[in-house]
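Next up: a single chain in structure tokens, the form predicted on its own.
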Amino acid sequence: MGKNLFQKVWDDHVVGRLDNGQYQVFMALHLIHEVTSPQAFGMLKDKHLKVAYPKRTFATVDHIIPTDDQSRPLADDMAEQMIQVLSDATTEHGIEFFAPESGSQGIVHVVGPELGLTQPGMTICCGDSHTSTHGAFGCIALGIGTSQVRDVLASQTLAMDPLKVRRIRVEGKLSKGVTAKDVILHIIRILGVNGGVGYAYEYAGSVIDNMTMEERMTVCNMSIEGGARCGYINPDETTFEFLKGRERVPSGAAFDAAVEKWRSYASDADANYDDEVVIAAADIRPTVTWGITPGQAISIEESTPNPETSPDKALVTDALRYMQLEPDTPIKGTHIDVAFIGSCTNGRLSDFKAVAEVIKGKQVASGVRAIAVPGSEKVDKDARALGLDKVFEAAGFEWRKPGCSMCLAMNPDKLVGDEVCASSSNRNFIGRQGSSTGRTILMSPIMVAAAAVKGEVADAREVFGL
């Protein structure tokens, strides 16, 4: 019997078994940012410990940094303090820090792949839920808490239990206007927000095979929203071509040798899985959320659910009440106030290129506040070189500086009151975008663009003639 990728990477990185029954697993790469790491560095200081492998740790700022004025000191005293603590700690411990205006700053899950720090066969961790993004490269990539950030800084290892593996095959061909974001929202809708608890998700099938690396990152990014501990895709020629020439990737003969090693991590044809799910691409439509979890989603062609006919009557009732939506009502046509394109889910160059292609010549509806936030300084630079910022601005979007922005609103980009936001981000929880009564509707970037143009949730296929 062969092995799947999870088993292969696990076997390569297990150090030993601990007295409590868990395993000690070596982390090949540790990514840190300004929110969960300052406290961890404080814990190290209290115990008089040093960072064990500083050259395997890389830092950036993303969550709290403003996307308009990033001049120092920041206007928010707490944000300024958090960045300064991270800067001081990385200097003290010899950790590379991608500071603002360095040319490499950005959202941690955008920066890692674009620099080539993320490579197949790695174990990767970060004090952020959406570390699963890196699984697109054939990694075990884990989001961890602050105390675990401390542990990894001090030992470069993580205590954990092995996971079951569910293979999710998406087979067929996607319809026009259906994107990677729609695929993962559909998967979460089908399997549920708790469906992946205790599992690693292996995404496979013809649809996944034909995706670009940036599309694969979008899918893996939201694995955590489906309850999975991580999600991954087997490395292939698409992976290797993306990595070739990246700043932190070996070149020449060393690259060829690396590819052979990376290729060996792919799941064997006779690998064993704990579960397998097959999803037909033909069943996937442009998908949006109607409720307060990513699993509360429907296609743009459907109506909101009726609590009376739902097995989760109380949950559906509460979600509809919060979202101020009526049951059995088409989601298309729901008024929006804000349109946000960005985040570690959909803040890469290809996302902005896709929107620029359809938004050119269109105009954001009166009364809609629309912002586009690149995922990194490199994305921003490349987008400007292509003139994408001008296309967005001509359509009525604000083109901002890199950061997490309105995905989680730990910065000035927030909803006000009960505003409704069409968002390309990953979570629609109550209060997620900075207002305790603000409402978030998740969708793909081109669907956000369609909503911005119409001033309401709309079908991008109809708005842009796709």
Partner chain sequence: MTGQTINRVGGKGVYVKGNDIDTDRIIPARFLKCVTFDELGPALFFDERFTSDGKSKGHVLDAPEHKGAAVLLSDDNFGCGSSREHAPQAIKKFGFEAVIAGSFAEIFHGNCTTLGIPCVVMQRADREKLGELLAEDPERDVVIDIEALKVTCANTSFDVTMKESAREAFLHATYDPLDTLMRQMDAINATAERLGYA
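Residue numbers count along the first chain shown, from 1. These figures come from a predicted structure and were not determined experimentally.
From this point on, the text means the form predicted together with the partner chain, which you will not see here.
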TL;DR on 324-332, 346-354, 80-88, 180-188: the one with heavy atoms within 4.5 Å of the partner chain in the predicted bound form is 80-88
The partner chain in the predicted bound form has a heavy atom of only one listed residue within 4.5 Å, and of G387, G145, P73, G103 that residue is G145
The partner chain in the predicted bound form has a heavy atom of only one listed residue within 4.5 Å, and of R427, R439, R400, H30 that residue is R427
Worksheet entry | Candidate spot R150, V193 and G196, all three touching the partner chain in the predicted bound form (heavy atom, 4.5 Å) | yes
Do D12 and the partner chain share at least one heavy atom pair within 4.5 Å in the predicted bound form?
yes
With the partner left out of view, is D275 within 4.5 angstroms of the partner chain in the predicted bound form by any non-hydrogen atom?
-> no
Next on the checklist: Considering non-hydrogen atoms and a 4.5 Å limit, does the partner chain approach S155 in the predicted bound form?
Outcome noted: yes
Next on the checklist: Is it the case that I292, even though its partner is missing from this view, gets within 4.5 Å of the partner chain in the predicted bound form, heavy atoms only?
Outcome noted: yes
Those residues of 116-136 with a non-hydrogen atom no more than 4.5 Å from the partner chain in the predicted bound form are G121, M122, G127, D128, S129
